[in-house]
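First comes one chain, alone, set out as structure tokens in the form predicted on its own.
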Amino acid sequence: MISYDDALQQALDTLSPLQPKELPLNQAAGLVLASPAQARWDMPCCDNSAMDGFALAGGSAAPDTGFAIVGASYAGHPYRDEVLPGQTVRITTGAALPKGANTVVPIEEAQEEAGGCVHLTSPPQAGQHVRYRGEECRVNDILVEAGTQLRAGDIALLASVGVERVKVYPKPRVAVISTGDELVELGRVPGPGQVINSNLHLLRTRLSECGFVPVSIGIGADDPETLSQLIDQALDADAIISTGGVSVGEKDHVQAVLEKRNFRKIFWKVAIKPGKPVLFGMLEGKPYFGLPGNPAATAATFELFVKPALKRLAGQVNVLPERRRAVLNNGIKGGGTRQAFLWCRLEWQANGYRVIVSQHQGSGQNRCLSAANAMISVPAGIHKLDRGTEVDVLLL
């Protein structure tokens, strides 16, 4: 068996981002830029007012000076003529500064009088309350670098400078194959020896939560022919996940079927608990993950291997899980000769992170997953850790 770190690195070294494509900006949220995005024009595109008030030539303004109001400049409706010395125009926030004006006096610092005249209550500084053309960015400035995962602020910035289309890495489409004679669909009452296929619902939900596109292929019986047919269907996706059938039992056919299809195995069996029999390799140029069928092991190997690999396909730069140091609220058992990953809940309490470990850690259980937002990493060789011990926590 290889270590978790070595296995993960081998998976990431094997993969490259998907072929980028150009999309409308309004379809690119959450995707990663494949090339830098540049401004199409200066922003602001003209000098404009940062306040509601009066625009005038600041150099000619003295206390108690009277200015004749000759017009108005509103956002979207600029004043077209030049403002001469002794004149002013009403102006609103965001409105273009008229020719001849270089200063904005807020309403609160001016007193309007009858006859279309306004007096200043204090001398303004020339240039005050003006947003200058190009002070945010200039045409052709790179505003968002390649490798950025586009969020709301990025989208708004690019929209403001006229970027209509961007080159991005697409969301990976991930086929999910469930294997096992014991599996039945949700909605049926399991018979003797049968269980609901909860792994499909876990993976489909986690794939969507992480920004990927799940494609459910279906449940395959424990026979090579059925599994081979499902793999044929799955090859239309960008990556494939199967659950169950990766060990060495009489009914475990995944590896035998893959070997007949020129599967390039990268690793099988990792020194972790749960999830030891996890399989990874390349099938017709696409990553294939064979995950154990036990629910907690399926979930753990998804978080530890599949999610970082899919992030790499999606062009993300930071693909490893975030880590925190936290103090145990309760004692735990380790994995002996294997690195253990325990489902837990990380919380901020008083002056630091504390972690509450689920008491239902069996690999065949779903209950440990329900309230978890993290996993504790317990190094190999550690048999137990006491309450109050500081531990390494991987965020989900």
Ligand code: AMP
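Heads up: residue numbers just count along the shown sequence, starting at 1. All figures in this text were calculated on a predicted structure; none of them were measured in a lab.
One more form of this protein exists, namely the form predicted in complex with this ligand; it is left out here, but the text below deals with it.
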#### Entry: Answer range among 94-102, 78-86, 190-198, 156-164 for contact with this ligand, defined in the model of the complex as heavy atoms within 4.5 Å
190-198
### Summary
The one option of P308, P214, G281, P295 with any heavy atom within 4.5 Å of this ligand in the model of the complex is P295
### Message
Quick check on this chain: which one of P172, P274, G220, G244 has a heavy atom within 4.5 Å of this ligand in the model of the complex?
### Response
G244
### Partner proximity in the model of the complex: L120 to this ligand, non-hydrogen atom cutoff 4.5 Å
no
### Message
Please determine whether E182 contacts this ligand in the model of the complex, using a 4.5 Å cut-off between heavy atoms.
### Response
yes
